[in-house]
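Coming up is one lone chain in structure tokens, specifically the form predicted on its own.
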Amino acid sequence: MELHKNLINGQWVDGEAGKNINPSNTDEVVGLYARGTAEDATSAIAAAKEAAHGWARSGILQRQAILRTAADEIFARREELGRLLAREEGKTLPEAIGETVRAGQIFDFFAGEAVRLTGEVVQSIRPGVGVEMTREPVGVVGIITPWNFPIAIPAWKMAPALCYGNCVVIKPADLVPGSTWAIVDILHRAGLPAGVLNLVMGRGSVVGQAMLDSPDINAFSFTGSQSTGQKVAAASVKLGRKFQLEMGGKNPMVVLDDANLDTAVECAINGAFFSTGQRCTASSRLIVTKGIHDRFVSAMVARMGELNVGDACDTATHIGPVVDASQMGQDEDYIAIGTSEGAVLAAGGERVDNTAPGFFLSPALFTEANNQMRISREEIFGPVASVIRVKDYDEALAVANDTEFGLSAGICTNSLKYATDFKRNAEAGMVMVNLPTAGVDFHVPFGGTKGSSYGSREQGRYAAEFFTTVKTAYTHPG
């Protein structure tokens, strides 16, 4: 089996072979991917630093053409890349292809942004002096991405970084290196100069730590756990560099008495269980007012009974496997915790047998939960959701906001009054009305409040806030 190598200074570099395992069939090796060393990371950073001056002053049409070429190839290979994603991460094939298309859309968007970067010209308070404000690249950007969106998240970090003239060193999650490798290969062949984009796969404790320790990385963009995010923050503060963190959520979906029941159930099923619940935007707390509570629970249990759990590439599958044994163990631990806390397991939460060995878990729905239980406070990151009964909208809003996280929040209602109030008062970076809490557009900002996020927003034009720095220049004719 061919070894997929690291890309350092425009060259493919060997490393210790790591196996990429299919969670739908643990007997299947998706591919062999080189695990880099701390020295590899140091070499990649040095190459990025060397290339930074030239790339920062490259022509905008050069950047536009490279990003557009990458987008076109991603679109053309959507089925192939989607299948790779489904095999290494466990998303169902339609979800994986959709994520691949989104990656293409992101590169296409930032290809356009490369020729649309603007500044300002204003008059000075001093007569005869002109003032210009322009945006310039920050330099070398370190990127660490998680396993749950192995093509979309690398895309929405790499595309703006390159668009605005930065050089990149990226380390994908060791669990799912394949999709990121494919995107880096596409960008490399699209014509990026040596050193502009560097890929070092491997363990976070080795490659990631070397990146964090380097004073030559000027900005760090990270998506992952709170604990690792805190390490990124501490290392970055020590070195005085810019950093951006996305660290999860415990997202509420409020269902009011006047909601359309079918809409509410589909929003909850999608938000809580699709992508096997392995999304930071998942609806893990279903906050339901008492008038619709019993009907909602009955409808949820019935709808859950229609969901097929199985191989991610099987067309009959609605929910694929949990990503690996460790995550499966965490999900099962939380299901046991929920029961011990007094919540009622109304449906699911059991291992599912399949023809091949894999990590299959039926979606779990708890009822009679309250907002102080661990299953309502801590991010489980699996297909597990809790129903919390509340009296009315005011209590629902209070419970929704009673969390250390603040990424996404949703409400199902036919009331313009409550929808408007929720959009204004929900303590979250993104709010959905009659839509799942998961699922966002590629051209608008992504990010949260409180413990979910730190720093500038990702995606869309707001990405320029992180990947550029503002220069103010004064001119006098002399």
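In case it trips you up, residue 1 is the first one in the sequence shown, and so on. Just so it is clear, the model here is predicted, and its values are computed rather than measured.
Same protein, other form: the form predicted together with a small molecule, not shown, and the subject of what follows.
- Of the heavy atoms in residue 104, none are within 4.5 Å of the small molecule in the predicted complex.
- A residue is said to contact a partner when one of its heavy atoms sits within 4.5 Å of a partner heavy atom; residue 33 fails this definition for the small molecule in the predicted complex, lying far away.
- The small molecule in the predicted complex is not approached by residue 137, whose heavy atoms all lie more than 4.5 angstroms from it.
- The small molecule is not shown here, but in the predicted complex it comes within 4.5 Å of a heavy atom of residue 148.
- Per the 4.5 Å heavy atom criterion, the small molecule in the predicted complex is contacted by stretch 244 to 252, the sole one of 244 to 252, 361 to 369, 89 to 97, 75 to 83.
- Contact check at 4.5 Å (heavy atoms) against the small molecule in the predicted complex: none of 23, 154 and 181 pass.
- In summary, among the residues 403, 275, 223, 386, the only one with a non-hydrogen atom within 4.5 Å of the small molecule in the predicted complex is 223.
- Checked against the small molecule in the predicted complex, the residues 264, 212, 71, 390 give one hit for a heavy atom within 4.5 Å, which is 212.
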